Ligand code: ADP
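Quick heads-up: it's one chain on its own, the form predicted on its own, in structure tokens.
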């Protein structure tokens, strides 16, 4: 017989990157498990904290241990595999173990403030007594009405519904309770994020040849996980090739195996659409997990997984940590998307962590994209991942859209000024409006104008807390910072010289909307960016209107570039394709530009009418644009991977950035230099190092920022030395953190 544990190692929410030993009382030993939330005494006084059990031990270096006080009432627990995943994240992403474990739980579950919702239910004490009561009290019509309703509801009825059906009030219910004719019971109910949203069930579609081949490979791997072969499948399918149907049928196979699946999408904005498709196929077998839910909804949805009520979790990044205990499949849709990278500790990439969770739990990981990341495609071409290709659209009669490029330099006027829109773009939209078709216009910059300046004195409106110009938003007449979210009223005259000749340079989605309202009078226009889509419900409402044909032109940023499938969209215009091509210091700029252009182009021509895409640029011969025009991912990858290998950039090495941040620049410099002196002996000779220097945006939210860059294949030891230094060496007033496999240099 296995002996019961005596000592528990627990993590408290203190960000100390260490566990504490506690004695396990005999009355708890049989029930306690790794991953459970417990109450423990902490400190010299009578303080009490919650903690998570991460391991057991037979002995401790400390002679006297305080006992665990109790298991938490809600019996929240994490699977042992998730605890191991959290430990891996803490090590790899250089964060405190407590931070990694905390990230595994939604705040609504973690903080203990949200409880199960309850409702009062009424039911008859006795059916015969109710009949007799009605006969004896025939004149008490309200009470008799309640009893008649309950006679037809043997399982009882919720209070509000009962009063509504009986046409009565709570006082009548109280009288019947006093007369002991009815009884009351408090029942737990789930908050339903799908309340009022009905979907029509769908049946699996007959797969085409390429889908069938992909499904066969996936099914084989699902049923045979014992072989020493890759547990990751990369599905490279062009836009409209039917990747979603492959996802749905793969999950159906998992459900038939009585196992569980996770479906990740990169952004909350894509979740409602995906959830709708999955509910239509799987009904109530799924839950949804993302930050757009209320705390109560997140709690209830997470508890559905914890209690085993559902087999499928759908959501953004955080859904990866759904506490399934029999996980067979993790799907990462749009695996290339940078939204999978978290910007706060632990700074993990959900795609990469999905691969690790799959390995820990012997689950299959399916990565899908029309434009895979260079890292993932390299892994597939070298045999680390299994590659599945779908090169044709699901319906062979639906062709890829034709893509043309407009050199905006040739559109300039006699003074050399380049207009916002080419004649071809304006005419194409007019044609679509005339034919009752829809258009999407893409610009990856929100706001009305990039900056406000004064030509008289050269003044530029800058953020007082950040090293960036303020963006002008015309509708609100405000200048805002897109880094710290600070705002100020837009001045009518120059604050420096008093000139009235204030100008606004550059353009954003708000400016396009204003111009289009003049250009296309009577057209129905909507804008989708983070300024207008402040809630998921607004996103759903706008897309529903677009789907119904109530919008002629949809203007937006990258949130409209992926995942949308509207057969009546026959034209996509890209206003300024140059925006992402030349980002200072970003070696991924070409990749991101190619992906974005390819994805947004894929929104056109998904129905019976052929699609057209027009890209406006001043760099028409840029390779990223040229490959996007030809829908040529392989060509782009071959060119890009050669450059990466020549420069030893990822995937031929890891990239790690140490950030130093503080209000006093001298202290930031001192901390950076001190840390570099400490870690320099541990830097591998083959690792390339860029010494600490001001960040691309030197100041954000009032704090100066320095960064140090490390690139190489052997960073594990250095990573651990840096982490130990961060948590042991004190630098008051300076925050130091590591971004492993960084996406952005900002």
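Because the structure is a prediction, the values reported are computed rather than measured. Residue numbers count along the first chain shown, from 1.
We do not show the form predicted together with this ligand, though everything after this point is about it.
Enquirer: Applying a 4.5 Å heavy atom distance criterion, does residue 110 contact this ligand in the predicted complex?
Expert: No, residue 110 stays farther than 4.5 Å from this ligand in the predicted complex.
Enquirer: So, in the predicted complex, is residue 243 in contact with this ligand at a 4.5 angstroms heavy atom limit?
Expert: Because a heavy atom of residue 243 falls inside 4.5 Å of this ligand in the predicted complex, the answer is yes.
Enquirer: Even though this ligand is not shown here, does residue 133 get within 4.5 Å of it in the predicted complex, heavy atoms only?
Expert: No, residue 133 stays farther than 4.5 Å from this ligand in the predicted complex.
Enquirer: Look up in the predicted complex whether residue 606 has a non-hydrogen atom within 4.5 angstroms of this ligand, and give yes or no.
Expert: Close contact exists here: in the predicted complex, residue 606 approaches this ligand to within 4.5 Å, heavy atoms only.
Enquirer: Heavy atoms within 4.5 Å of this ligand in the predicted complex: which stretch in 232-240, 319-327, 165-173, 88-96 meets that?
Expert: After filtering at 4.5 Å, what remains is 232-240.
Enquirer: So this ligand isn't shown here. In the predicted complex, which residue out of 386, 590, 480, 211 has a non-hydrogen atom within 4.5 Å of it?
Expert: Flagged contact: 211.
Enquirer: Counting non-hydrogen atoms within 4.5 angstroms of this ligand in the predicted complex, say which of 430, 631, 205, 475 makes the cut.
Expert: Selected option: 205.
Enquirer: Given a 4.5 Å distance limit between heavy atoms, list every residue of 381-408 close to this ligand in the predicted complex, or none if there are none.
Expert: The stretch touches the partner through 394 alone.
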